[in-house]
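Only one chain is shown below, in structure tokens, and it's the form predicted alone.
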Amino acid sequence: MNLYTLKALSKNYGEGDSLVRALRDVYLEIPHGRFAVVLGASGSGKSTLLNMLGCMDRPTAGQILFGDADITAYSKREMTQFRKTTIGFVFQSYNLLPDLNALENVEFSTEMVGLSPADAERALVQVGLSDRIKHFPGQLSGGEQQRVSIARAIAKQPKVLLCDEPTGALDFETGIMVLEVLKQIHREQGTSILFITHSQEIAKIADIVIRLRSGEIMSVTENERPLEPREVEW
């Protein structure tokens, strides 16, 4: 069974002369347990697609199946519950609370889904921050803050991680470290990952590359040998 199945998915913004067709009649199957990159230039529809897949917005037309569940038919409450229990989000901005330390930032997220403080600490250990759990965001580097946001996303053991340009604000070395953490999570936990990027090089680490242009799927290809992050030349 596929992780996601998209059928004639479309998303429009505005109307009349200001109408923007962000997604256009998209058909797509994303297998379970894969590291998939959605690749495209700015304005190609990448973030709009992620918003649909994460139940943060509704499509104008079409259907999204998560497994065999039609998430486009969910009520507002069901969409919220789906986001809380099933999806982990990692964005370019870290969205950490400045007055909470790393552990408390992760705990703030896990408490909402009924997990224990041990789950939060375990997630920070997984992303290599066992010695930084009491540090506040202002005491952490950009890469460390992004790893806290990844820990926050994985602490609830989501079925899929949706990552929107999480290395976009990072330098090369720090970005590589973040990619390594994501690859490790995928490899060791089998978590499905959808990673949005405009970088052709980052796409080389993926199992599957989905190319978007002007809201349409241009191609879906598989990398015969996905690269390790250290092999990527930015």
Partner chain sequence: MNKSIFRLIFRKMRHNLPQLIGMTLLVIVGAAFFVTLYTIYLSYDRQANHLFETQGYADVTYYGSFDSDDLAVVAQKEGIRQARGRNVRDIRDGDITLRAVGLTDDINTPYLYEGVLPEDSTQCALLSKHARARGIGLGDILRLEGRRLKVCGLVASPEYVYMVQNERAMMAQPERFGVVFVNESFFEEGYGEIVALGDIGKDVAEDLGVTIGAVKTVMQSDQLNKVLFREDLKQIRTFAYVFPLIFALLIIMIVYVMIKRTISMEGRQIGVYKALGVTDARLLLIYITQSAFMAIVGGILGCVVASLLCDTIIGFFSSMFEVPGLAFTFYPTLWGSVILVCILICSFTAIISVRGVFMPMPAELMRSRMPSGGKQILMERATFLWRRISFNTRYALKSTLRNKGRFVAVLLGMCGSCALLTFALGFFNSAEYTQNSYFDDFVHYDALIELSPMPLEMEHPVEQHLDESSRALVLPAVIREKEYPLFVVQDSFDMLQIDTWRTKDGLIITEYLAQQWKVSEGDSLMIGDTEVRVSGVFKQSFGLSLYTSYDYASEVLSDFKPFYNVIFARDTDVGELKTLSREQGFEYATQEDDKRSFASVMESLNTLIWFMLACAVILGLTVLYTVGLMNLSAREYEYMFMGVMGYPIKSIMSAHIKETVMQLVLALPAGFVLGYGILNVVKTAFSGDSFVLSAAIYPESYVYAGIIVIVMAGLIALVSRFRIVRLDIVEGLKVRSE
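Remember, predicted model here, so these are calculated numbers, not experimental data. Residue numbers count along the first chain shown, from 1. Basically, rigid core = biggest C-alpha set you can superpose within 1.5 Å across the two forms.
The following text describes the form predicted together with the partner chain, which does not appear among the structures shown.
- Contact annotation: D99 falls within 4.5 Å of the partner chain in the predicted bound form, judged by heavy atom distances.
- Contact check for R132: no non-hydrogen atom falls within 4.5 Å of the partner chain in the predicted bound form.
- Although the partner is absent here, E107 lies within 4.5 Å of the partner chain in the predicted bound form, judged by heavy atoms.
- In the predicted bound form, the partner chain sits beyond 4.5 Å of every heavy atom of Q157.
- None of T60, N51, T174, Q189 but one reaches within 4.5 angstroms of the partner chain in the predicted bound form through a heavy atom, and that residue is N51.
- No residue of the trio R147, Q184 and L227 has any heavy atom within 4.5 Å of the partner chain in the predicted bound form.
- Contacts between 77-107 and the partner chain, taken as any heavy atom within 4.5 Å in the predicted bound form, involve M79, T80, R83, K84, F89, F91, S93, N95, L97, P98, D99, L100, N101, E104, E107.
- Relative to the superposed core, A73 undergoes a C-alpha shift smaller than 2 Å between this form and the one not shown.
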